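Below, in structure tokens: the form predicted alone, a single chain.
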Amino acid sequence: MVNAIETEKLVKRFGNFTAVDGLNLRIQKGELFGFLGPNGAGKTTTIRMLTTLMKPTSGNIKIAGYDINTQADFIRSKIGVVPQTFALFEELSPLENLQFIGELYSMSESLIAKKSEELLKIVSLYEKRNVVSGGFSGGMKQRLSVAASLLHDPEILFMDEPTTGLDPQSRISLRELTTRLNKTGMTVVYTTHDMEEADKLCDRIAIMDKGKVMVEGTSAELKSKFGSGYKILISYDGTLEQPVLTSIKKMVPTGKVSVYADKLEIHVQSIAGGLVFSISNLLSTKKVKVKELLVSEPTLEEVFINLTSKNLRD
């Protein structure tokens, strides 16, 4: 696979503090790649280096095939950035904001007008194109930021916690827009504190802490390897006889089986091979009347907590 982003032994120090510590990263072209991590993990510093806003202390970065130390101007022409907070001019309308951005990229007036119309329709702001943006909602401002970031047709889009503080409808809208952009072939680098968001959106995820990538992989891979496993909760009438319990324990030799008054709780790392059906079939055969059978999957939040601990971060 062709890599859109590569880093080699990337380091950023602030005095005696190492914010990013020997980061080796490969993000494939066309991938929607997620960064997770607690406060102070090094995510923001990493993104600032990848977007040429901050120089590394040491190490190498290549973005879209260009070396960040010698070809930063080329890199800026290939990337778009959607910041967490609105960074455009609130006293200007969407069209005026995009006109200003287009002029910074030395685009012709006709191209700016054409692209502005296209993009404002894509982000559902065309009807508000001449309205001063200062009165927009948070979701509208973020959609305008996306339009501005796409004006020069970047290959790679960086989105830094773009849904923070947005209402549920705006979050859903922005996620759907992100997915549509990625499906056009655009590489998207997405930082978020929202585990559900990362789980739904991202092809692969890196969890950072203390300046290092601790784990990297698809959400399914991370949950399977580092999650707390599956929980099967069965409510039943009557008494669970010992032979039935013994048979269930044999089905899950590496699992944990707990019995309460009228509930059976089973913890396993995998439910492959029709495990839930086999347990249900056994209970039916043994005339155990099941009232309810629930299966809960491992979550990305469990993975995150297991790897980074529950301690609060400043």
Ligand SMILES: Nc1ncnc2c1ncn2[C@@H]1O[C@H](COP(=O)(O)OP(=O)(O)O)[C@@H](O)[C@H]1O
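Start at 1 with the first residue shown and count on from there. Small disclaimer: the values here were computed from a predicted structure and weren't measured.
Quick note: we don't show the form predicted in complex with the ligand, though the next part is all about it.
### Query
Out of the stretches listed (37 to 45, 273 to 281, 249 to 257, 66 to 74), which one is close to the ligand in the predicted bound form, meaning heavy atoms within 4.5 Å?
After filtering at 4.5 Å, what remains is 37 to 45.
Non-hydrogen atom contact L25 with the ligand in the predicted bound form at 4.5 angstroms: Because no heavy atom of L25 falls inside 4.5 Å of the ligand in the predicted bound form, the answer is no.
- Query: Taking heavy atoms and a 4.5 Å cut-off, does Q84 contact the ligand in the predicted bound form?
  - Reply: The answer is yes: Q84 has a heavy atom within 4.5 Å of the ligand.
Report task. Taking only heavy atoms into account, state which residues of 2 to 22 are within 4.5 Å of the ligand in the predicted bound form, ordered by sequence. Result -> F14, F17, A19, in sequence order.
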